[in-house]
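Let's start with one chain on its own, the form predicted on its own, as structure tokens.
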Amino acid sequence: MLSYRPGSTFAHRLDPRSKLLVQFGLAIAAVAHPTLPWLAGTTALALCTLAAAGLSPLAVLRSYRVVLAVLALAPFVAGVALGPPWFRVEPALRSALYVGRILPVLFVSAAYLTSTPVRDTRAAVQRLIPGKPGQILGIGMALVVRLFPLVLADVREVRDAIHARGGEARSLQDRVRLLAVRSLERTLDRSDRLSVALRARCFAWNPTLPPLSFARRDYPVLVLGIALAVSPLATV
């Protein structure tokens, strides 16, 4: 599972606000331009972000293997027809192009997650969105980034426990039901423990966040993020 890893790469030294802007801009550009040249360009840019964060594309693909496996079904489903010729190539290719736009977004997200501490993310969000909305969004993002890997680990533990107790002999429906129920129980239990821990540690809506400041290396990244975000306007 992708999470923050301390390091000294170029991505680690960037201000989180500039990284968020590039992530936001690339997502807009990828969705707004469903063409093969734009897909190639955004994918190349996403690969550059992985290199800047010191990540291997293959390692990222392995981390997202479940998501990619689900996405890979979309072109097949889009191409299936209920009559001759039974499978249509053109809808399948069009669906594959649409699905392909998600890959660079996943790459950029992986680069951000591994190069940005959770506290810096919260600080960036609360500075970009002032007031209570920014505080709520910042806290929400921080909790999701911290808890999501733990929830996935709980699901894997439940799955392994089911297999260790002869779960393969059960029907698929029973296994899915057990996995869903036990995983939900663990998630609710973890959320209860989190609530108690927040109260015990005197949770504050507006704590002292780490200072953020732009450096020279951030300005080209900011320009890139803005250019990507406004790129749909150039085609209007």
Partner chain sequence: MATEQSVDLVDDDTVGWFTKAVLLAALTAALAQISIPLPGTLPPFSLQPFGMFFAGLLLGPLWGGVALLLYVLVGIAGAPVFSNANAGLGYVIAGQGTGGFLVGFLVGAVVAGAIAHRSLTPKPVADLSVPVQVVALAAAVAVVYAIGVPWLAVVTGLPFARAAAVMAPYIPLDLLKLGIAVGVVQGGYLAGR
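Residue numbers count along the first chain shown, from 1. Definition used throughout: the rigid core is the maximal C-alpha set that superposes within 1.5 Å between two forms. Small disclaimer: the values here were computed from a predicted structure and weren't measured.
Below, we refer to the form predicted in complex with the partner chain, which is not included among the displayed structures.
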query: Does the partner chain come within 4.5 Å of a heavy atom in each of 224, 227 and 233 in the predicted bound form?
result: no
query: Is residue 140 one of the residues lying within 4.5 Å of the partner chain in the predicted bound form, judged by heavy atom distances?
result: yes
message: Although the partner isn't part of this model, could you tell me whether residue 156 comes within 4.5 Å of the partner chain in the predicted bound form, counting any heavy atom of the residue?
response: yes
task: Check whether residue 50 has any heavy atom within 4.5 Å of a heavy atom of the partner chain in the predicted bound form, and answer yes or no.
output: no
task: May I ask you to check whether residue 175 falls inside a 4.5 Å heavy atom distance of the partner chain in the predicted bound form?
output: yes
query: For the stretch 146 to 184, which residues lie within 4.5 Å of the partner chain in the predicted bound form by non-hydrogen atom distance?
result: 147, 148, 151, 152, 155, 156, 159, 172, 173, 175, 176, 177, 179, 180, 181, 183, 184
field: Rigid-core frame, C-alpha of residue 193, shift of 2 angstroms or more between the shown form and the other one
entry: yes
- prompt: Hey, does residue 51 budge by 2 Å or more at the Cα between the shown form and the other one once the core is superposed?
  reply: no
message: Taking 2 Å as the cut-off, check whether the CA of residue 183 shifts that much or more between the shown form and the other one after a rigid core fit.
response: yes
